[in-house]
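To begin, one chain is listed below as structure tokens, in the form predicted on its own.
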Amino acid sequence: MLIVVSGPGGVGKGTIAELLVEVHDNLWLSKSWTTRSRRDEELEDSYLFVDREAFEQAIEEGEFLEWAEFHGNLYGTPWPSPPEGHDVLLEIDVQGAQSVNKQGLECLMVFVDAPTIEDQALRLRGRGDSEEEVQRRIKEGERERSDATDLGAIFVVNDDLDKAVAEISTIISSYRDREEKG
């Protein structure tokens, strides 16, 4: 099973994805690549941080399930290779979710959002984004909400982290049950 968790910057989708893997023994989180610099508070293994040349080489070699350029940086998801018996969890932006959808892959799409745009802006500032970047991501978030609706994503508001993780866990379990029943 393929699960796509997307959402605008600053809504907590990365934290949620990590917690989902802790809650579900059979979930495997794919690690995305990026050409952007690591943020000060960001863990070194949050992404595979590479230079543009290495990323473009991987594109040429067909290593990505999806990839996109966002605010001058490249982001991509390598073709997943989870351990046997594990479902794949992708934590990607909506543009990446659209790419996965265009490939016709059967997946569960969940869109995580902040309670308000003001909350999203506070979270972005809290992680060290510049005011220019905050405004860009807020504007991009408006488009992403519309695109996620078009994709048929299930919306989950991250107003309480534990509640959001529990809600998405329930959605995953329900989807898995439906898949098993055929």
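What you see is a predicted model; the values in this text were computed from it and never measured. Position 1 is the first residue in the sequence shown; the rest follow in order.
The form predicted in complex with a small molecule is left out here; the points below concern that form.
Since only the chain is shown here, I'm wondering whether Ile92 would be in contact with the small molecule in the predicted bound form (any heavy atom pair within 4.5 Å).
Contact with the small molecule, yes.
Spell out, yes or no, whether the shortest heavy atom distance between Val156 and the small molecule in the predicted bound form is within 4.5 Å.
Val156: no, not in contact with the small molecule in the predicted bound form.
Whether Arg127 contacts the small molecule in the predicted bound form should be assessed with a 4.5 Å heavy atom distance threshold; does it?
Within the cut-off, so yes.
Is there a heavy atom of Phe70 lying 4.5 Å or less from a heavy atom of the small molecule in the predicted bound form?
Yes.
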